[in-house]
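First, one chain by itself: the form predicted alone, in structure tokens.
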């Protein structure tokens, strides 16, 4: 599983780098404000209908999670009846082997691909490239990332961390682009070079926003026409479907599609929506001759049977990223996962476990804005808090924290120890503060405390306790004891 893409650096190291990047901060701030404002206008326009839509979507998603095996079976049977070839992948490695088998069977070595978080999750591109297969990202933002050798920083606008000048430079250095930084000019160049790649591709690879159980259909929601090119031109099509992407029927799909674009980018509808139900039929002029659906679990069943089952409702809309203050400051790459932000914390920890995620679960202020904005009412901040509880209970937190908090627990639970600590703490802090009212920056060498004092003031303990002051104050007011 390659959900984590940057394990060479610690969370603190990644965050330190992210905090220095003003361009990323400004780009994220602009995107958040635009998406937040546009979403707010649409929500206000819908009135009470918005909350009713959220409630209905939550009920539908919970119903599927509670009956997951039934809907997986129904979708698979109907997809096969439509002529699709099903592949079942309990793990990410299983999915990769299935895909490699398909390429080997057809002797294929060239593929085009549309944006898919599921393929990012299992590291498909890297594996195909290692085996000598050329795979081309055709989504504009994903092509930028592939050309630059970068990873997504947002699940909806993955190239948010590049500006037009950087994009121009990337294509000049890597693809021979000789134009300006005008977005339209870059887009025309990209369209020109992709046209031949669409025509030459032997295999098309795509993700799936929602899979419809009652019809065996797969859907694709995009703002570019590349998705339809990927699933129309190549003779062989491979569709990655997470088992958590299934909805019962077309009516349920309608509900999800009413929420998704509004929550993601503040739009009533997306530019392109495709509903595919099998390979090219008799008399049809386009479409693949062979459709393979890779139905992936990759930890979803484990989540469904855990205290984090609510996360399976996630539509990957990015609404929680668009409101998160922590994401704004540490940037998407600060998390070290292809799923950044609040939803990324819950999902990554749930799928990967606690051994490899460092302190990712603590990159959250627990303000609750993510929960408020989630279109399917996932209690995201509560789930993050539960991850933290689990980490501490399993002894996965930083080793130095254990003795520190044991000492604090002793101090706060014993009056004599507390009084002594306060009495001794005041002169010690005054000395460290060089007589000032707050610890100086040169006290940043102190373990744990340095996380605060390196960037903020840490006020010294008062020489007079509040209880002592209040007792004297009451005496002065004639209040007795």
Partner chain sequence: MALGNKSLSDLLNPISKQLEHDVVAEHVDLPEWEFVPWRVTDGKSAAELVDMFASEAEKIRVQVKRCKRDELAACVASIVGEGVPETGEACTVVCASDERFATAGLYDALAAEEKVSDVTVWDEAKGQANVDAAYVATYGVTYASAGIAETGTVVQPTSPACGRAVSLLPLVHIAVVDAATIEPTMLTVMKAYADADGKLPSQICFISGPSATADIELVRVEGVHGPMYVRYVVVE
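Residue numbers count along the first chain shown, from 1. Everything quoted here is computed from the prediction, not taken from an experiment.
The next section is about a form of this same protein that is not shown, the form predicted together with its partner chain.
> Counting only heavy atoms and a 4.5 Å cutoff, which of 340-348, 182-190, 313-321, 126-134 contacts its partner chain in the predicted complex?
Replying inline: Answer to the contact question: 182-190.
>> Please identify the residue among 178, 104, 286, 173 with any heavy atom within 4.5 Å of its partner chain in the predicted complex.
In response: When its partner chain is considered in the predicted complex, the option within 4.5 Å is 286.
> Which residue among 236, 140, 361, 118 has a heavy atom within 4.5 angstroms of its partner chain in the predicted complex?
Replying inline: Contact with its partner chain in the predicted complex is made by 140 alone.
>> I'd like to know if residue 396 sits close to its partner chain in the predicted complex, meaning any non-hydrogen atom pair within 4.5 angstroms.
In response: Judged by the heavy-atom cut-off of 4.5 Å, residue 396 is well away from its partner chain in the predicted complex.
> Do residue 30 and its partner chain come within 4.5 Å of each other in the predicted complex, heavy atoms counted?
Replying inline: It does: once its partner chain is placed as it appears in the predicted complex, residue 30 has a heavy atom within 4.5 Å of it.
> Within a 4.5 Å heavy atom cut-off, is residue 331 in contact with its partner chain in the predicted complex?
Replying inline: No, residue 331 is distant from the partner.
> Does any heavy atom of residue 36 come within 4.5 Å of a heavy atom of its partner chain in the predicted complex?
Replying inline: Residue 36: no contact with its partner chain in the predicted complex.
> Within 4.5 Å of its partner chain in the predicted complex: all of 53, 65 and 69, by heavy atom?
Replying inline: Per the other structure, all of 53, 65 and 69 touch its partner chain.
>> With its partner chain taken in the predicted complex, which residues across 259-290 come within 4.5 angstroms through any non-hydrogen atom?
In response: The stretch 259-290, when checked against its partner chain in the predicted complex, contributes 262, 268, 269, 270, 271, 272, 273, 274, 275, 276, 277, 278, 279, 280, 281, 282, 283, 284, 285, 286, 287, 288 at the 4.5 Å heavy-atom cut-off.
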